[in-house]
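Here's a solo chain for you in structure tokens, the form predicted alone.
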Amino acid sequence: MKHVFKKGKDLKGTTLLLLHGTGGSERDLLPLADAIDPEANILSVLGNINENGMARFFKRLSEGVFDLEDLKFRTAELYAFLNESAREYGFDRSKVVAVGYSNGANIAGSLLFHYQDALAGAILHHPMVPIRELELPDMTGLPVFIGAGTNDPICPSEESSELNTLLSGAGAEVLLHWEDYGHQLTAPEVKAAADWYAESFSHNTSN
């Protein structure tokens, strides 16, 4: 998968997995990583799907309707890519925290839904429930931040609430943060995510 890797202060520390929204690129969320953890390693990935010239991480049948077979395939592809990248670059595979926006947040959510050891945590900006009627792995203690819009036209607030319920039901420690700016990723939402991250992952900088 096309990507950017930037070594941070310590390969044994946290690696931020950056996953862009529809039509984005592997460089879109780099400023976000600086805001969240300027010392972290960065693995920023470009989605392999081209939808009318727009990069995505998996196919959809229509807006808000996911191609579930492709979602499963692309989730497995990304999971394998993470394992390969850890071997190639030498970062700690057990300390990968996803930062995803929109379509990128959905594939990050799908990683959590399908694999117990995929991520050490996740910041999901404006995600939907990736897939339903799936028995979720044990996520006891897994930190997850969900940034959602009360008036998001693309990701209804019910989706964010349901995702919170599903992740919490699997044991994850979820913070659901609401903004009133539709589907936009705003500075206050990024600040809330950064504050949450500092509290949740401060231990990673000392070991």
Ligand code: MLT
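Owing to the predicted nature of the structure, the values given are computational and were not obtained by experimental measurement. Don't overthink the numbering: it's just position in the shown sequence, from 1.
Unshown form predicted together with the named molecule; subsequent notes refer to it.
Q: Which residue, Leu68, Leu46, Ile154, Leu176, is the contact with the named molecule in the model of the complex, using a 4.5 Å heavy atom cutoff?
A: The residue in contact is Ile154.
Q: Find the only residue in Glu63, Asp180, Glu39, Glu158 having a heavy atom within 4.5 Å of the named molecule in the model of the complex.
A: Residue within 4.5 Å of the partner: Glu63.
Q: In the model of the complex, do Phe58, Asn103 and Asn106 all reach within 4.5 Å of the named molecule through at least one heavy atom apiece?
A: Every residue of the candidate spot has a heavy atom within 4.5 Å of the named molecule in the model of the complex.
Q: Using a 4.5 Å heavy atom cut-off, state whether Leu119 contacts the named molecule in the model of the complex.
A: The answer is no: Leu119 has no heavy atom within 4.5 Å of the named molecule.
Q: Taking heavy atoms and a 4.5 Å cut-off, does Leu111 contact the named molecule in the model of the complex?
A: It does not: once the named molecule is placed as it appears in the model of the complex, Leu111 has no heavy atom within 4.5 Å of it.
Q: Does Val96 make contact with the named molecule in the model of the complex, using a 4.5 Å heavy atom cut-off?
A: Heavy-atom contact with the named molecule at 4.5 Å: absent for Val96.
Q: Just checking whether Leu82 would be counted as a contact of the named molecule in the model of the complex - the rule being heavy atoms within 4.5 angstroms.
A: So Leu82 does not count as contacting the named molecule.
Q: Which one, 50-58, 137-145, 168-176, 27-35, holds residues whose non-hydrogen atoms are within 4.5 Å of the named molecule in the model of the complex?
A: Contact-bearing stretch, as computed: 50-58.
Q: Who in 127-148 is close to the named molecule in the model of the complex, meaning a heavy atom within 4.5 Å?
A: Result: Met128 alone.
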